[in-house]
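There is one chain below, alone, in structure tokens, taken in the form predicted on its own.
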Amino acid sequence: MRRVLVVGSGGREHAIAWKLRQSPRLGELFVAPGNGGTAAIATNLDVKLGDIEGMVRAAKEHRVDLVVVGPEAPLAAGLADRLEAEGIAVFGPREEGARIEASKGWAKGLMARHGIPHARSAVFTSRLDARDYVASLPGVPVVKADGLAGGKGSFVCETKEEALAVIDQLMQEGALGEAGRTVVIEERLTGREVSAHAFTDGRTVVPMPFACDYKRALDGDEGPNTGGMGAYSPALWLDEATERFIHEQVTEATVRALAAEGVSYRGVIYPGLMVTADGPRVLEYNCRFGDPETQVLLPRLKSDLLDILWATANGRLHEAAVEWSTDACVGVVMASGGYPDEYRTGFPIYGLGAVEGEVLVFHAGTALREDGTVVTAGGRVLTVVALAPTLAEARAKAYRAVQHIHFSRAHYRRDIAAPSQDAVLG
């Protein structure tokens, strides 16, 4: 029986804990810091996400066999390195591997060196040089913060003036702190976005089903970027040839590129791509499970997640069985009103026990009061997830469940996985 610690506090971590709980080989399960949902299926530990040494101490004190790191920031800060130094198995790359997400500029260089198809771009540490570059371009680019920005560091601009203003906000005004002091100026591609997750131990690469998420806050893909307002899987609009190209020429090629440069990588590799008229192009990489993609991927996993994570962490992924359901899955994020800008928390959540038995509700920004009341405690509060034989059935089931859940100023998109929105930005 293995003792497992999941690091994180969002819907992704609740989904991981939920799936791990199904393993007959699971002993005690801990989540740090966790949320109101994980408290019902695991032991939450009061350790802040940024406290790397605190996480290591918690893993040692609770005699943890495997640590599963959900968010990117602890990986970029070297949590996996510290755990491995203590002899604790960890699912998630070391700091050198996490650079693939922590520095978009470094990732662009990796792709260029190894011929991985990607959006053309340039990296700048000088604000004036960045402005001059934008002025010289024939079209309007995308401006991205080089570092970690919680999914909110990409700016799809409509005019050059807007792009220049974003550069000033990031590089001069410090809108995203150090993450935006270096910027990536990228060509704006058109097409459909898709998330391509895979398990890898640095040698074996096992793809997961494709998923699509919705980053904008409002229906019709309007409003500001968020951490993600919903997702669905599979991406039925992808043909087999394109899927095979992404697996071979992007995901597997990336793992080979990392190995060729001496980077040991164990965990999830997740390129986000735009499928253009000229083929798939990588927009950026993630070094961990996506959120909310995890919430619609893991319900489709028929195999034992603990076995897969343990094999990956120990360099034996080739020994693991990985089988997926053919069912479709749709997840709708319920957020606090005002998110991703200013919002209030502390509102009781009603109706969690009224959803259909086959519907899953993964908690993110929730907390459990002493009297047992679940209250809002963040921007993205819940992901309501349904599995069904078709995408349309899963969508209908998820939205029926959403109608039963209430909290003050709740906000959610009403077009997740809608037929007219199946090409929405991922």
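From a predicted model like this one, the values you see are computed outputs, not experimental measurements. Start at 1 and count along the sequence shown; that's the residue number.
Absent from the display: the form predicted in complex with a small molecule. The rest refers to it.
None of E284, D81, E252, E96 but one reaches within 4.5 angstroms of the small molecule in the predicted bound form through a heavy atom, and that residue is E284. Contact with the small molecule in the predicted bound form, defined as a heavy atom within 4.5 Å, holds for exactly one of M274, L110, L164, V322, namely M274. For the chain shown alone, T204 is not a contact residue for the small molecule in the predicted bound form, no non-hydrogen atom being within 4.5 angstroms. Of the heavy atoms in S103, none are within 4.5 Å of the small molecule in the predicted bound form. For R266, no non-hydrogen atom is located within 4.5 Å of the small molecule in the predicted bound form, even though that partner is not displayed. The closest heavy atom approach of V156 to the small molecule in the predicted bound form falls within 4.5 Å.
Figure note: of the listed segments 325 to 333, 122 to 130, 299 to 307, 138 to 146, the one touching the small molecule in the predicted bound form, with heavy atoms no more than 4.5 Å away, is 138 to 146.
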